[in-house]
Structures are given as structure tokens and as C-alpha cells.
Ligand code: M6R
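Read the single chain below, which is given as C-alpha cells and is the form predicted on its own.
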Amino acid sequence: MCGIIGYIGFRDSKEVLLKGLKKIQYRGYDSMGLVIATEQGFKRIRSVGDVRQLRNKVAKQGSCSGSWGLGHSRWATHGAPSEENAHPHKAEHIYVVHNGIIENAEELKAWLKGPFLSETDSEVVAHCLLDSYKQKGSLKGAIFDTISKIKGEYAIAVMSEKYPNELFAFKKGPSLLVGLGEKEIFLSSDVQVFLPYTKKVVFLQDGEVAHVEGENEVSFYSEGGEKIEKRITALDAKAEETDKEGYPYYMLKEIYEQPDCVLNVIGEHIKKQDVEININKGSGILDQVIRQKRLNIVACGSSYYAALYGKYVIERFSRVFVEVDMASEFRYRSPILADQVPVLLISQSGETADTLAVMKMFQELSLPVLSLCNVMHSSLDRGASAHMYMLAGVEKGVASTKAFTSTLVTLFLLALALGKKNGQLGGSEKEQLINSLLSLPDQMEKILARTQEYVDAAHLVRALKSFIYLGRDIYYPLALEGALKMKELTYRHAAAYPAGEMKHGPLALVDENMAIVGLTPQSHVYKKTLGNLEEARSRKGKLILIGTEGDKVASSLSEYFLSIPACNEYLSSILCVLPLQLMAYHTACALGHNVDQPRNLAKSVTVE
């Protein structure tokens, strides 16, 4: 989950690298580093912390300008966050930045001479390159020799003091791209780095090597060393510059952007009061779902919880059977996959390692893949046979908010589209659901206007160390997401259960120190849920309930009651997301935590 950037050109590489690292520090912010070829020689600068700490350290170095360099943002896998473990790593004249995991690092260390100055697997790559260089006599030869020796998944960029104005890059797994500008060439793990400078990009495939020689020349090679031609992609994406616009954190800004994100999704798929799912390059995949009466959905983290919501609405409105799996589990079990049954893969970044591995499984079986991403031209987006987009814009907060909500709305619309296609959803019901959806952004605005309620709730629960989130049916996936937000932001223990499962074990946990967060909007499971919550209340659990405006019963049971406007129950579950986000956010703020950068977490999980 590290970020890589490289540059050769006419600009001051120091500024290109630092600005690029700021864009990709969501991939890792426990340490940063860069190496620049200056007129005084190579300068390597590394620091613990985010790009601000690195910039301050660079400023103290005096002259650090040059037209050639590499930068890196780290999320720790092997070795704690420290300057010694920060990239770039060095072996004599060779510098390496790396994203991924070298699975045979210990085996390689056993015969390499070192000396090893860090705890990382990444440093092994630098020494492996040095050893191969001494045998081969060329850096290019050392690159291919090293590729044959290392095992794992990785994206790696290399430069050497002996090869002025050259950069090498190669990958297996995590994304790595080459940006082609006018008299300048870029390397990065993220397309957003290039967009202020160029829209021309080459995507490296697994096993391929890019060799940059100066500001105008780049060659590409297969894993076997044969020179190959690569297609240049002209991106239609825009560089998205975002700031906090007066909000204390990006996360809060992104929470308040959710009504607009929902409008974006509605505008993409609702035409003249009817649902028409816009799937780029592959609308026939929905017909396959209808024919097979089955759909697999695979995802990780918040996207997995959104997928569970998708199961409820797709089965309810289209009667298509949906199986939902965690990507990290799916790839290692022996799933029974029916012929021609499509899979929907969900990943906000489109770079989630486990989800990409599942895509590869389906591709090898020639099964159709539909992607749902927030990032166009990501690895998942490029690899899928059909595509949908979250349309949430850049999300900088590590804990997903607006992308999660956009995913829920997209899956709701997918359910309506499938129900319409196979005749399971009547015209009058479809019309009512669409009208309810069109009211959703205004209802979200009403919830967001009640800031003080969430601040007060946060002050009530901040002293508690444990939380149980409860929901039934369509609300259960949202309980899971609410618990995750509380864990991510406050570092408190939080677990979610179907409300009916409390008496099968979790009820033993409940006492006066336990917060019970219940999702109780008016629905066909309302009374059953209240009964389960009464059981927790009778054991002295402190109830914080989220329910429909004017519900005196739920309000009377609550230590604190957070209300949402009345609406269709399958959409009221989406409205519940906002109180869950805001309560976790304000609790974390009350505890003094940085909600944009929770400890130990990174935005894009590009390693196992």
C-alpha cells in the first residue's frame, strides 16, 4: 500500500516529487522519502511522518534541485515506521522504491552479502540488483536477472548513480504507470500524479519493464527481455485538486458532499423517471445475470458491506440469487462457479490486491467480470469486461464515506434495473422507488443540518470502550459499516451482529459499560428489532438508536435518539449511514484523533 513516483524532465524534480507524494500519501503516510540527482551528486532524504515532515527536512538540506529523481510514501508491512525503514533503499550506487511484498526476502538475504540496514523486504531488492549488476555488468541485465529471482507481488522503480538520466520500473501485481509529457517522463502508482502535466499514459502489465532514458525516450520489454510496443492511452480524466474548504478534516467535507454524490449517481442512471443502468462497454452482462438468475459479488472492507446490502436489494427486487464473498477469503477457497455466471467486483480504488486476484481467477475461467470503481483507468477498471462507477470524486479520508454511499445507491439502481429487465418489478412499484430515491439527497441534507445532535451523542459515548451495533435484514450490513467506522476512527472495540443473534452469545457482553447502537427505522423488521434491543437494555446496555422521526417508542428506549426522515425502508438504510458516520467522526474528534489518517491504516490496500 505504498506510493511510488519518478520523474525525468525539465522541471525541478524536488517539487514534482513532493507534490506527487502529497497526492498519493493516502497509500501510506507513516514515512516518506526521495532521492534526487543534483549537480552535487545524489541526495537521499527520508523522514517519519507524512509529506509535510519530508518537505521540512528537504528545506533544511540546502540545494536539492535536479531534473531526475524517485519518491515514495510508505505504509509499513515489514519493519516499523522509521527513517531506516523508509524508502528509497540503497545498495552502493543503486536506489530502489517498492510497493508490495517480496515473499522470498529471507531466502534471498541468506546468500546476499548486505549489509542490511533496515528491517524491510524492500532493501533485499536493492542488494539483489547490486549482486546481479556485478555479475551482468549492466543495470538492465541486473533488472531481468532480479525479476527471475524475486517472488511475490510488487511494483518497483530503480535508479543508479552510474546511469545518469535513466529510470527502470517493473511490476507484478500493484499498479505502475508511465506518463509521457513534452520533454518529461513520469512514473507512478497513481494516475492522478500525471494529470496536471500530461494525459498520455502507458499502463505496465505484469512482467513488463519500462526503461526511461532521458526526457524523451522510454522503451518497454517483456519479462523475457524482448522489446515490445505499448499502446499509449489518452486519458479523458481530469486532475482533481481538492482542499478542505474550511472543514477541519477531509472526512467531514466528504460526509457533507454525499447528497451531491447521490445526485451524480441518479443523473447517470435515471432517465425520464426510469432506470437505465449505464454500463460502459458491456451492457449485455445484465442479460447474462438475468439468464443465469445468479450473480456473484466479491469485495473487501466497506465495499464488502455495501455488497451485502446489494444482496438484499437485488434479491428483493429482481429475484436473482446473489452470493457475496470477501475477496481475501474467496481467492483461497475452492468456490463452485457456475458456467457464465458473472461476478461484480467492487473496489473504490480499483487497486485492491485481493479483489484483483479474484478478477484474475474469473478471467482464467473466461467468466464475465463487472467492475464498480471510483477511479477510472484503475487496474480493476481496465481489466473488467463491463464497468460501473461510483462517481464520488476524489475521497482523501482513509475511512470511506461518500464512495460507500455512492456504492449503495448504485447497487440499489442495479437491483431496480435487473427487476425491470426480468419483469419482477412492477411499473408502479418501480415508479414509487424512483420517486423515493429522487427525494434522498434532500433528506440527507436535513440529517446533515443537525450537527449538534451528533456532537452531543459523541460526548455521551466517548468514555465507553466497547460498542455493539445491531440491525436486522437490510439494516444489518449498515450496522457492520457503522461498527467499522467506530473502530477505524476511535480505536475502540466495536462489533456488529444481526439483532436476532444477540441471544445466541453476544448478550453475555452487555453491561452498563457497553454502548448498543441500534438501527430501528420503520420497516417490516421494526418490532422484532425493538424486542432484541429491549433485551440489551434490560442488561443495562446504553442504547443509542437511529430511527424514524417522531418514533416515540424508540426514542423512549434510548439514552440518545438520532432521527432520520421517513422513507422507503430500502432507502432509509442508506440514510442511516450518515448518523453512523457522524457519530464515529465526532467521537474520534472528542478523543483527539486525526480522522483523516487513522493509525495503521491506508486508503488503498494494494498488498495482501
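Since we're looking at a predicted model, the values are computed, not measured. Heads up: residue numbers just count along the shown sequence, starting at 1.
There is also a form predicted in complex with the ligand; it is not shown, and the following applies to it.
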Next on the checklist: Using a 4.5 angstroms cut-off on non-hydrogen atoms, would His269 count as touching the ligand in the model of the complex?
Outcome noted: no
Item to check | 4.5 angstroms heavy atom contact with the ligand in the model of the complex for Gly482 | outcome: no
Next on the checklist: Given that the ligand is not shown alongside this chain, does Ala399 nevertheless sit within 4.5 Å of it in the model of the complex, heavy atom to heavy atom?
Outcome noted: yes
Checklist entry - Ser349: heavy atom within 4.5 Å of the ligand in the model of the complex? => result yes
Next on the checklist: Quick check for you: of 438 to 446, 297 to 305, 502 to 510, 218 to 226, which stretch puts a non-hydrogen atom within 4.5 Å of the ligand in the model of the complex?
Outcome noted: 297 to 305
Checklist entry - Between the options Asp190, Asp121, Glu254, Glu488, which residue brings a heavy atom to within 4.5 Å of the ligand in the model of the complex? => result Glu488
